[in-house]
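Take a look at this single chain, the form predicted on its own, given in C-alpha cells.
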C-alpha cells in the first residue's frame, strides 16, 4: 500500500465558494484535514454564478474540454480557484448549466434540467482528469449530484487507464434527496440500457442518482454512526433501506468534524468580542450585538436568547416550532432566525416576526458573518429536526458555548449529551418524541437551568470543551480508503 494517496473529491457545493448547507462545510474542510496528513487532495465543483461573483481569484487551466451529454457534445472550461488550504480546487464552467441565481433551484422548486446539469458535472471528470494527467487512487463522491461518477467508472470508463487503479467512495449526506428522474433520462446521461436494473440505477421505474452511487461504489459512508444505522430501516431509508442493508459490510458512519480554524470564538473575526472557555466575558457583548442587529428587546442579562440557523425545510422541525411559537413568545425569551428555503416557511416566519416585534428577529438570507455572530451571541441553539444525518451547527454551538437543544436523532444524538444536574455531566438538552409539546417542555427546562447561573456557566464550559475537530474523522476516512484500495487490489489480482 502506498503511503501518499491521490484523493479527488467531487461535490456540488464547497465552502467558501458555493454553499447552501452543511455539505459545503464538510467538503470545504475534510480535504484540508487530509492534505495536512501529507496526501495529494483535490476538489472539483461547478463554476456557479456565485463563484464568479465571490471574492476569489480564479485562473483558467483548461480552455476547452468536450462532454457527450444528451446525444450531443457540450463544451466546458476548467478553472482553478485560489485556496489557502494546500488543496487544489477546480471549478467546472458551463454557463448554460451553472450560470444561475441558485445552485439547485428557486424557492418554488428544483430546476427542471438538474439531471442534465449534474450528469455534465459527472461526465466532465474523465476529460478533466485526462487534461490534468490525474490518476486518483480514490474518487470521493458526495450526495446525489455526483452519484453517477461511480457508475461511469465501472461501465463507460472501465477500460480507461486513468481509473485502472481507482476506488470510489460515496458519502450520503442526506438520503432524503436522491436525484430521482424519469426513465427517459437514461439516454441523456449515456449509461448503457442494461444498467437500468434494480442492481443498477433503476428505482420503481425511475432513475435514482443516489442509488447509482451506492450500487457502483467500493465503499459507502455517511456522516454519523447513528444515521448509518437509521438509514437501514424503513423509517429513515426513503426506499433505499434494503439496498443499504445489502451493502451493510461496506457502509460506515463517520461523524463529521468542524473547522476549528474558522469556528473559534477566541479568534473569530466576525465577532463583536472574542472569548474563551477560560474567559467568557466577551460572550455578553456578542449577545448585545445580536439583539441590536435583530432589534430584539429583551434584558440580555436576565432573558435567554434562542437562535436558529438553518435551511428552511420540513426536515428541520419547523412544523413543531410553528406550533409552539405563540406559547414561546409569552415567555421572557428572544428568538432570532437566519436561513433560506421553502417559500412557505420563509413567509411564515416573517409573519411571526411582524406579529412579535421586539421578541423575534428573522433574516431570510445566507449570511456567513451573521451566522458566526448568532452562534456566539445566543444562549441556546434550537435544532428540533425530524431527522438529521449529522448536523454541524450543534457542533459550532458547542464550541461557542451556546447550548444546543436538539431532537435525539442521527448525528444530533451522537454529539449532544443531555445535561444531568446531579452529576454535572452533559453539554446540551435532548428530546426524543417528534412532538411540539415535547419540544416546548424541553425549552422550558432549558430556561429553568438558564436562571441557575452557576449551573449554566458549568454547562457552557462543558460544551466548549467538547472536541469535534476534523483530525479524527480525516484519519478514519484515510483508514477506510486504504482498506478499500487493498481489498480492490486483491480482487483484481485474483
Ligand code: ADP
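Numbering follows the first chain given and starts at 1. Because the structure is predicted, anything quoted here is derived from the model rather than measured.
There is another form of the same protein, the form predicted in complex with ligand ADP; it is not shown, and what comes next is about it.
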One residue of 232, 83, 340, 260 in contact with ligand ADP, assessed in the model of the complex (non-hydrogen atom, 4.5 angstroms): 340
Of 178, 124, 217, 393, the one that lies within 4.5 Å of ligand ADP in the model of the complex (heavy atoms): 393
Heavy atom of each of 276, 460 and 465 within 4.5 Å of ligand ADP in the model of the complex: no
4.5 Å heavy atom contact, residue 19 to ligand ADP in the model of the complex: yes
Partner proximity in the model of the complex: residue 418 to ligand ADP, non-hydrogen atom cutoff 4.5 Å: no
4.5 Å heavy atom contact, residue 311 to ligand ADP in the model of the complex: yes
Partner contact for residue 316 in the model of the complex: ligand ADP, 4.5 angstroms, heavy atom: yes
Region of this chain that lies against ligand ADP in the model of the complex, out of 291-299, 393-401, 322-330, 99-107 [heavy atom, 4.5 Å]: 393-401
Residues from 348-370 in contact with ligand ADP (non-hydrogen atom within 4.5 Å) in the model of the complex: 365, 366, 367, 368
